[in-house]
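What follows is one chain in structure tokens, specifically the form predicted alone.
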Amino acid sequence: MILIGQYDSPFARRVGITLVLYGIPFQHRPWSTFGDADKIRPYNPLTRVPTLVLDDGEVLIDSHLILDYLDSLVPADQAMFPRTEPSRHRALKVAALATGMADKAVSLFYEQRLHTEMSGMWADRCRVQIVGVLDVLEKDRAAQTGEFWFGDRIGHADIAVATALRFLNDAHPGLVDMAGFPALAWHAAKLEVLPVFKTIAQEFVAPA
């Protein structure tokens, strides 16, 4: 397999971390959606990351769909999205909130970076959505007693939240005071010291 995308993307990073945790061999192409768009386009006309090229040449796009496929390659008891309810829909919700927040952080960054005159209305909307998600996730994580969000082993929800928070704070330093979200700050710090999180990582690189 070939994973396309830089690891400063929370979406590409969550896929890279999953591949390592599942022990699935892959090659990494750290291509930028801006500087390397011509390289990505033959695989994905949307020129978005992550893009995963399978061994048979088939191409998967969208991090959630990629993880769903990777879950199908491992035994049910090893899949990092729960297979049974209600844990499954709860984990999917946490992951969706985290990745949606990351999407808003990306949108806010591009609004600030690429437009001569930033839309204050759009920027405020993104900030409200980001903080709203953090409030919900903080309450949910604080209510959990386990080492990880849904039990005693790491799952996709854990990874999604940690990678989204890393991107948010790297791309928008000072936008959010994480002291106001102690459960999330603890969660992210605990995961970021794991070897796989240190290996599958990259300093945020703003597009030129």
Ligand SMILES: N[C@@H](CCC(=O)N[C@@H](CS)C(=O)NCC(=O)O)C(=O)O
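Note that the structure is a prediction, hence the values are computed from the model and not measured. Just count from 1 along the sequence shown to find any residue number.
Not pictured, yet referred to below: the form predicted in complex with the named molecule.
Novice: 49-57, 158-166, 139-147, 178-186: which one contacts the named molecule in the predicted bound form at 4.5 Å, heavy atom to heavy atom?
Specialist: Among the candidates, contact is made by 49-57.
Novice: Indicate whether the named molecule has at least one heavy atom within 4.5 Å of a heavy atom of Thr18 in the predicted bound form.
Specialist: Residue-level check for Thr18: no, no contact with the named molecule.
Novice: How about Asp103: is it within 4.5 Å of the named molecule in the predicted bound form, going by heavy atoms?
Specialist: Within the cut-off, so yes.
Novice: With the partner left out of view, is Asp62 within 4.5 angstroms of the named molecule in the predicted bound form by any non-hydrogen atom?
Specialist: Looking in the predicted bound form, residue contacts with the named molecule include Asp62, since a heavy atom lies within 4.5 Å.
Novice: Can you check whether Trp122 is within 4.5 Å of the named molecule in the predicted bound form, heavy atom basis?
Specialist: Result no; Trp122 lies far from the named molecule in the predicted bound form.
Novice: Though the partner is not shown here, which residues of 9-26 have a heavy atom within 4.5 Å of the named molecule in the predicted bound form?
Specialist: Residues within 4.5 Å: Ser9, Pro10, Phe11.
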